[in-house]
Structures are given as C-alpha cells and as structure tokens.
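Here you get one chain, nothing else, as structure tokens; it is the form predicted alone.
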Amino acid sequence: MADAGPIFDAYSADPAVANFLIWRPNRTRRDIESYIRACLDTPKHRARTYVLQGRKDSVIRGGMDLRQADRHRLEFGYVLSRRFWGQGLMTEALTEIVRWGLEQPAIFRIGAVCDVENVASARVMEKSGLLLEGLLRRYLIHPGMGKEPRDCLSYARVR
C-alpha cells in the first residue's frame, strides 16, 4: 500500500498511459489504493502484480501483472510511466519474465494481447521474443478509446 502515492504520481492518473489499457486513469489516490487492495487479496497462485522500479534509484517506472490463466499457461499485462517510454525498460523486464515463465516445468505458453493501434506494445512483445499469432476481432474494450470492443493482436511464446 506504501506504493499507492508513487504509482499514482508516476502513471496511474495519466490518460496517455491508460489509453490502450482496460482501465480509465485513476482520478484519486483512493482509486489506486482500491486496486492495490484487490491485488493483495488475489490468491498468489492465480496472479501476481509487480511494481517496476529503477535498480539504482528505486523510482517507480511501471507495473506488470502475471496471471496463471490455466495450469500450463501464463498471461501478462504491463504499464509504463510515460516518462520512461522508449528506453527499452519494458522490453528488458518482459524478456526476463518470458524466460523465467518458460523455465517453469508446468508452463508451456506465455502470452498477451494488445490493441491493434498500440504499435509500441506490439514492438515490446516482439523484441521480447513473442510471436504474433493473430488478430482477435472486437476482443477488448479500452475505455480510453471508446465504449466498443476493439481488435487486438495476440502474441505468445511456447516451448
């Protein structure tokens, strides 16, 4: 819960950051506190949410969640503060998550989706070793983009 203020200040209230995500920008610190509370209440074997911090300065740069969608499959999502876009940070983090995930004996697949217009996110997944598997029509609603489901690209890596 101590990360609520820094998360709010770093990215959760930024409309540009939330544009391609499935949540609207937080309007108050209480919004992010509710989200953190929900994360802490989620059983650890089903999903984990992580804060991404700088190695040297511990400044919060973003977040990532990792979900066990099925016994053999992991899914993830990520968010990065606009201040740190274009620096390769998410590619570095995701590459390690993908490597680690596929080293787990029971995991055979790790993947995620991104909006068809989210070129930066697609590029992060490609640079992290995931392959484009296809187009999912009318798949997710991104409130920052409107009220209707949007097309998404599906990326994954398998072993």
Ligand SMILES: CC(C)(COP(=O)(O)OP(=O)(O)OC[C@H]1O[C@@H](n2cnc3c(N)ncnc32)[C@H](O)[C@@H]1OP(=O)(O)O)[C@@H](O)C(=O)NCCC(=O)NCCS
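A quick note: this is a predicted structure, and the numbers were derived from the prediction, not measured. From 1 onward, residues are counted along the sequence shown.
Not on display, but discussed next: the form predicted together with the ligand.
Of the residues given (A120, L40, V59, L131), A120 alone sits with a heavy atom within 4.5 Å of the ligand in the predicted complex. When you look in the predicted complex, the only residue of R48, R99, R27, K127 with a non-hydrogen atom within 4.5 Å of the ligand is K127. Partner contacts here mean any heavy atom within 4.5 Å of the ligand in the predicted complex, and among 102-110, 88-96, 66-74, 32-40 they occur only in 88-96.
Although the partner is absent from this view, L136 stays clear of the ligand in the predicted complex, with no non-hydrogen atom inside 4.5 angstroms. At the 4.5 Å threshold, heavy atoms of L21 reach the ligand in the predicted complex. The closest non-hydrogen atom of M145 lies beyond 4.5 Å of the ligand in the predicted complex. In the predicted complex, the ligand sits within 4.5 Å of a heavy atom of V17.
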